[in-house]
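Here's a solo chain for you in structure tokens, the form predicted on its own.
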């Protein structure tokens, strides 16, 4: 891995000297611009309580499934890494494990981000590896004890203008109220994430819906269920939310008659719905979410194509979000047609579509966004939020949909210290892509400069209605 004290100022920029010079200028235009992060998973409590980070191992390893999944693949037990509900374990031993396996992260986006965090955020110098693990651990621990490295101080230092968290529909959003009242520069807002209340295949679906209905004093009918969801969306909007996020395996929609929707809802609530009925109910509810977004103005983001919790033994032992979500092939065109027939021409709907199936970018998402006013192509997400993947995304999407039918960069992270690293990565990758277009005579330099500015400012502000 690279020496942390000698970060190349032109890292990730094109190797060709003339193209690199253009890319360097484009990057420097936006390098210090404020960060707009309209989709991510930072816990609002982190910024409310502003407590020091516990230790280097928890911050960099245990709570980051990008890291633990690769360590697990190399034979490390997740329990020994402090994953899930496992005991925290020996923080220094977990850190040493990361150092011993540091070579595994060579060439990966995760390794690059970790280097950026250690060097650019924490100011740690020198090579990281087994021989220096304890020294680096001690330096990181000492930095984290400094008030200047608490969450709120870092939030200001990172230049975050807008940060959206991801929240359960029944969350009282007390942390967000406290943050807003505290005077923290920049906006921190919730995001409505109703997946657990829309999927009858979940074992806790019935109990969750019952709590939803009780919270909103709604009857146990399909109409009452819709009204309850609408009420909670309104509650989130009143607390600053700008979007509702939906994680689905398949982006399939259906427009059902009210009577059929009622029958499916009752079967789902009773736990008697079969797989076909559960699929139809999910499809109808995704369409209903679009209807609600047309009516209340919340941006609708759809993150599709991930088989959640692929390892059943791991799920049973450690719970969800522990590194074993795996992408699957994904198709949008036919599945979204019922939704787009009803709402695709509504300019009040902003439907941002994300995929981890790269083949869908040029085959489906760019053509959809190139026609439907409601549709935008979401930035490379999850396994694709890496330098080369970002370049491939731009190549796949731009020739059909251009730059202005895309979302702007989305960091989608739980790892707070990685936010500036991820946004910087995207800014460098986009600078390189724009520079190539300038060198090839496909863009003028002034146009490339404007696009570079808009990719980090005007585009995400417009798409997410900021």
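Numbering follows the first chain given and starts at 1. Given the structure is predicted, the values throughout are model-derived calculations rather than measurements.
Keep in mind the form predicted in complex with a further copy of the same chain is missing from the figure; the text below concerns it.
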Quiz item: In terms of non-hydrogen atoms within 4.5 angstroms, which of the given stretches 26 to 34, 39 to 47, 394 to 402, 415 to 423 touches a further copy of the same chain in the predicted complex?
Solution: 394 to 402
Practice problem: Work out which of 142, 334, 257, 274 lies within 4.5 Å of a further copy of the same chain in the predicted complex, going by heavy atoms. | Solution: 334
Practice problem: Answer with one of 319, 219, 107, 79: the residue that has a non-hydrogen atom within 4.5 Å of a further copy of the same chain in the predicted complex. | Solution: 107
Quiz item: Would a further copy of the same chain be touched by all three of 347, 364 and 370 in the predicted complex, meaning a heavy atom each within 4.5 Å?
Solution: yes
Quiz item: Would residue 60 show up as a contact with a further copy of the same chain in the predicted complex if we use heavy atoms at 4.5 Å?
Solution: no
Quiz prompt | residue 205: touches a further copy of the same chain in the predicted complex, heavy atom cutoff 4.5 angstroms | solution = no
Quiz item: Can you check whether residue 455 is within 4.5 Å of a further copy of the same chain in the predicted complex, heavy atom basis?
Solution: no
Quiz item: Does a further copy of the same chain get within 4.5 angstroms of any non-hydrogen atom of residue 327 in the predicted complex?
Solution: yes
Quiz item: From first to last in sequence, which residues of 39 to 72 have any non-hydrogen atom within 4.5 angstroms of a further copy of the same chain in the predicted complex?
Solution: 69, 70, 72
